[in-house]
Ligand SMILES: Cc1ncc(COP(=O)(O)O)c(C=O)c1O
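In structure tokens, the next block holds one chain alone, the form predicted alone.
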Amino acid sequence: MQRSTEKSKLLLARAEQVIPRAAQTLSKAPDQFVRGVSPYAIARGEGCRVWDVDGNEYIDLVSSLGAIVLGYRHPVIEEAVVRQRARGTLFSIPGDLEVELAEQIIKRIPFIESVRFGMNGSDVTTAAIRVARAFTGRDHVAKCGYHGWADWSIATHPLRSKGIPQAVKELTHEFSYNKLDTLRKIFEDHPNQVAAVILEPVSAVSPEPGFLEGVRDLAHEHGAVFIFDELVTGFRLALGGAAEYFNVTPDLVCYGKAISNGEPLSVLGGRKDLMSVLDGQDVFFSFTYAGYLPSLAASLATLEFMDAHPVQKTLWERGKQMMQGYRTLAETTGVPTSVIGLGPHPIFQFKKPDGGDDLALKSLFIQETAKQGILTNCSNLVNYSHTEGDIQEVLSRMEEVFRVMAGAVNRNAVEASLEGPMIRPRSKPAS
């Protein structure tokens, strides 16, 4: 399938002169795709499809890193945002929608008694840690997974922590997913010092039986606040996210992405006694665009739509359909790849025999899917606009992708088949 990317190449060259790494978000950076083949920039989207600056059409499996849960330019969300923009986007005192959305979230998720709003995921994960530290009077944090770019969070990353003071790094400790002993060791090494335990409830794999409950119990046993980072899982696995799906209740929870279908919004919620530390003047969580009204309107419309339509059920069905088809392609062609994760978040995995990431084969996959009009970074987040036919079309196009990969593997010519530089390792820490 011949596709021109000339406008993308020219725009990328301009971007590299004025934007570090040529992207605002590292997961969207051009070095995460195959330069010259994959598009650099998207011009518009509709439903589950996007068009790049050269006019090429793609079925988008990434859904803006999960922020698009209903589909691009979903008419219900578009109408709500346009209506609110006609009234105003931001005022000198709180807008009326702040109270309405807070009430609607609390109504739907029983363990949440109080909420505050942010714009990005890092806003609310960092706020959660600050609340926990203020509530407990402790400084140390035990974390598992990725929780944004703030100092406390990225401090444990082996490559991305330059610029963070050593004193800050010494307060954050990483434990391993599905390995309770690694969390227990943190508490043993820092008795009565850990303020919070925060984790993404689902990693690349599902939690083993008893793991989430064990994390909760260890946190409470040692007087720490138990926090779920549900930026990815919230409103996807279930309306109440992973907490509802796995029936494990956190003390504090962080939401974003799917809660507002692409409008910038994040939410910190939890027990009132914890959240009440934000009532005073000595714990600070405040910024100009918190309570941005078009985002709140989008979130209210998203929640109302989810009440009336089987959004989460559809995400599970479409994701499982894609996972099953992908496994069949891998098995029939002999290409060394697998798909892991849960239905709403299938992850295509490429591993070497020693267990390390096979970046060359992953790069070839991303290159060939782009040629076939599929946009993926291998961490897929289907949305409600993906139909059964769309997923079948993706799988049909992937037949050619797997044919190319199988030939390259059999000829020991994977790297030689790349038409641009190999992708760089993901910046996100492994959990």
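Nothing here was measured: the structure is a model prediction, and the numbers come from that model. For every residue, the number given is its place in the sequence shown, counted from 1.
Not on display, but discussed next: the form predicted together with this ligand.
The contact residue chosen from 358, 200, 244, 174 relative to this ligand in the predicted complex is 200, the criterion being a non-hydrogen atom within 4.5 angstroms. With the partner removed from view, the residue among 122, 314, 321, 156 that has a non-hydrogen atom within 4.5 Å of this ligand in the predicted complex turns out to be 122.
Stretch-level contact check against this ligand in the predicted complex with heavy atoms at 4.5 Å: of 268 to 276, 293 to 301, 203 to 211, 147 to 155, the positive one is 147 to 155. Contact annotation: residue 259 falls outside 4.5 Å of this ligand in the predicted complex, judged by heavy atom distances.
At a distance threshold of 4.5 angstroms between non-hydrogen atoms, residue 251 is out of contact with this ligand in the predicted complex. When this ligand is considered in the predicted complex, residue 232 lines it closely, a heavy atom lying within 4.5 Å.
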